[in-house]
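Quick setup: one chain, the form predicted on its own, written in structure tokens, and binding and motion questions come after.
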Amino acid sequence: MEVTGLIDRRWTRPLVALFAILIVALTLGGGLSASADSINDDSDWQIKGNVKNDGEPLGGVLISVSGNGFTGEVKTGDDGKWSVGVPEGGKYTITLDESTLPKGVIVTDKDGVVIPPTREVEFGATKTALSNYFLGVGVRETTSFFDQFIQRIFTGLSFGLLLALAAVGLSLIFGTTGLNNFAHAEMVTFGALATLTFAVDFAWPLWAALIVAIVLSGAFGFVLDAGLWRPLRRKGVGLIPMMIVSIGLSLALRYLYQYLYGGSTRQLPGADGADLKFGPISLSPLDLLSMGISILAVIGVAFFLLRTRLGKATRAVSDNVSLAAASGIDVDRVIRIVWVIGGALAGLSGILFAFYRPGVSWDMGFQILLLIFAAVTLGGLGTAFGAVVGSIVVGLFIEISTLWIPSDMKYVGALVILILVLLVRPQGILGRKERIG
């Protein structure tokens, strides 16, 4: 025993040190790549430009590029040049961060007229797009911290509500079956891909494509339960093996999507539109519609759970499966309906997320899977209303945190707040304490 303990102590410290070195290296590596004068050099599609102040190159200026589901940031080199590789052609939004400019320097055109730091570029006949910035002396217009804070609140609320739809579905499934379904991300992606298929490939009216996509998403949940999860439950397979099966199913579906739809990001019709101004708040009509649909869907789920007989049976199964079965409730029927509802909510969440990003891609659901789990855990495992609260908290924190931390780290911040809350309240915000053992 003493020899074993000595060996353990001798290996523990070097392993911990090695792990810490790897973490630091990865962190510094990410920081270095973000501050270089070019990213994604291996991409065929390149957006390039120069930043000059009174004809002289200016280094260290932050440029961000977004569009078609892609976001990236780069700093100009000492020669004032920058380059960003993007996944495909189309329109992209270029923004120069004025806070990285020297004091008293603003964005102008070649004639010295002040212009906004944000612009759009579009690829033409070639796979290279240019966007040059000319700077000059002037007074910079800035947005107050309060206005930015209010804007972030509404943006975070919009994201939190669409996240809530997926989180509620996942929470209902966990509450009735105990399954941590990692393939829920692909159920989110399914709704967006179905809409893309009918609205773009088949050229159906968008409203018809949306209805069909939501119905098919519910049917997808039905098929998954009838073809996979119910047989596994009847065979008495444990929750851990079933969770591993869900991971394998997630990988299989994700790469099936990539095989069928390709690796590029495609846009749904109506994704572009002018923003509406409400004082300091700027929201697109799609943002307002997304928030309205999400609120109505959440209210519908609440009415189902609290006011309908089937909803009360769902809550009973979630509380105690054995007692619910002994009371005459058809547990399999309840679980089947929960899978249909969960699939439909996940599909609707995927559709709204496709407009929020914007764009549809084969792995879009996987990109927010950890946030969905974070929302469910933060709100309280197995509680649908807790999932809503947790999602809104995550959405708000993600957006508001970008006022202080880089946007690339906003998702990490959401997971940090999850850990902090669980340290104080392990059962989650609306979860209940349970005796273990």
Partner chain sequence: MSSDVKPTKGSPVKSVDMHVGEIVPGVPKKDPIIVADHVTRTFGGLTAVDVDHVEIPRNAITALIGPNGAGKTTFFNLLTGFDKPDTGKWTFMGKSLAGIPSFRVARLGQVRTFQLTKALSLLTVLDNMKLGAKGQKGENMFVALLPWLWRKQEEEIEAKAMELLARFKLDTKAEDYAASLSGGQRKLLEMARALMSDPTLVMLDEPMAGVNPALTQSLLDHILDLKTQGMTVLFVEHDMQMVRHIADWVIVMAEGKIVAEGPPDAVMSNPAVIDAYLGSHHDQDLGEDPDQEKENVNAIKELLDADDKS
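Quantities reported herein were computed from a predicted structural model and do not represent experimental measurements. Positions refer to the first chain, counted from 1.
If you look for the form predicted in complex with the partner chain, you will not find it shown, but the lines that follow are about it.
Comparing 319 to 327, 213 to 221, 350 to 358, 283 to 291 against the partner chain in the model of the complex, the single stretch with non-hydrogen atoms within 4.5 angstroms of it is 319 to 327. Contact with the partner chain in the model of the complex, judged by any heavy atom within 4.5 Å, is made by just one of N132, T308, T93, T126: T308. Of the candidates R119, K81, R233, K312, K312 is the one whose heavy atoms come within 4.5 Å of the partner chain in the model of the complex; the others do not. Residues are counted as partner-facing when one of their heavy atoms sits within 4.5 Å of the partner chain in the model of the complex; in 87 to 101 not one qualifies.
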